[in-house]
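Next up: just one chain, as structure tokens, the form predicted alone.
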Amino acid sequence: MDKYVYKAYGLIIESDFFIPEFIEFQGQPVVFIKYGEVKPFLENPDEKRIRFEAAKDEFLLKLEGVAKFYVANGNEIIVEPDVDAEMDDIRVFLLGSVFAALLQQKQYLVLHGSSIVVNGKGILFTGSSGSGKSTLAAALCKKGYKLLTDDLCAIKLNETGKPEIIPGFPKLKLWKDSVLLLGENIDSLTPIRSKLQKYRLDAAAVFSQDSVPMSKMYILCDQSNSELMIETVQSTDKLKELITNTYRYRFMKAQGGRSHHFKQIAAVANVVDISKITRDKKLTTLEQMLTLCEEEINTVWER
């Protein structure tokens, strides 16, 4: 069987199957993605739900009609596809929940959001699903900023204990209305899943492959009848917001990472400015959001 070698999130990855979203790379792999039989359950899970089980350095995800996934020790992912499963469907979960579990096992801080580079500094847009994180990042990239991550943002503390955003891979996931809003040709794009009007937009031309210091985090909040406004999150509320916007917090906690996670978010809260952007989606245009963000993010390096 052919092996494919990639780089994503600072890791060299060997895979049994083709992953077009990742960047091809040459080097010694530290993560291995394999086809194989996945155990039906974990022996002593710390958390057990209908679709997933988790324990220290172990994670099991079972998705009917798609695949079973087993993640272990931060270096191995085993995939057992269901009969007639579509590879697009398998990759959606592999690059989301499954890879998040692996990064958590490797003690990355994983936040839910899209990030860009502004003058050598990392800016993260986070918020609930559908809040416009990817759309805003894509629109800013069209204005010349560089993309770091989309949806799943991996952060590590450097040798001085400061948080750095680690580049993911050069793709953005956008719903159909966002694709059209950005003026992209939807006929040239392929849905990320056959039954979903969500598309993967290539961002290779605007992708940064270098880790950068995390300097700012914006939380996108939708609120009916609200004016477009931005407000600073006070120091006393930063930890709560970082926990809320952790990617699959239950996965991390059940894998025994809670203590390390707290140290990481405390380090982020200590040096990263966090603000909330509140708007009424029905009343606020993308252009208004871009204007506010560009005016605001300029302050990141003026301080």
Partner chain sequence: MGEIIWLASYPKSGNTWFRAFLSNLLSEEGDTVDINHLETDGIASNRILFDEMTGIDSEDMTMDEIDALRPEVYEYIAEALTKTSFVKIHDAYTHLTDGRPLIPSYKAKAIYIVRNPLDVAVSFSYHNNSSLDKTIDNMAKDDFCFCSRPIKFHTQLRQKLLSWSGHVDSWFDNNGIPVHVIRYEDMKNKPFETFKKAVEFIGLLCDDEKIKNALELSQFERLKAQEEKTGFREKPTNMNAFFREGKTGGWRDHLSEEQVSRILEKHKRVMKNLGYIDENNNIVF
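Positions refer to the first chain, counted from 1. This is a predicted model, so every value here is computed, not measured.
Another form, the form predicted in complex with its partner chain, is not on view; read the next lines as being about it.
The three residues N73, F99 and R258 each lack any heavy atom within 4.5 Å of its partner chain in the predicted bound form. Partner contacts here mean any heavy atom within 4.5 Å of its partner chain in the predicted bound form, and among 266-274, 234-242, 22-30, 45-53 they occur only in 45-53. Put simply, of G161, G130, P191, G120 only one has a heavy atom within 4.5 Å of its partner chain in the predicted bound form, and it is G130. Residue D177 is the only one of D177, D210, E227, D202 with a heavy atom lying within 4.5 Å of its partner chain in the predicted bound form. For the chain shown alone, V92 is a contact residue for its partner chain in the predicted bound form, at least one non-hydrogen atom being within 4.5 angstroms.
For the chain shown alone, E37 is not a contact residue for its partner chain in the predicted bound form, no non-hydrogen atom being within 4.5 angstroms. Interface residue remark: K156 is not counted as part of the site for its partner chain in the predicted bound form, having no heavy atom within 4.5 Å.
Mapping the unseen interface onto this chain, L196 counts among the residues with a heavy atom inside 4.5 Å of its partner chain in the predicted bound form. Shown here without its partner chain, the chain has D280, K282, L283 in 273-297 lying with a heavy atom within 4.5 Å of that partner in the predicted bound form.
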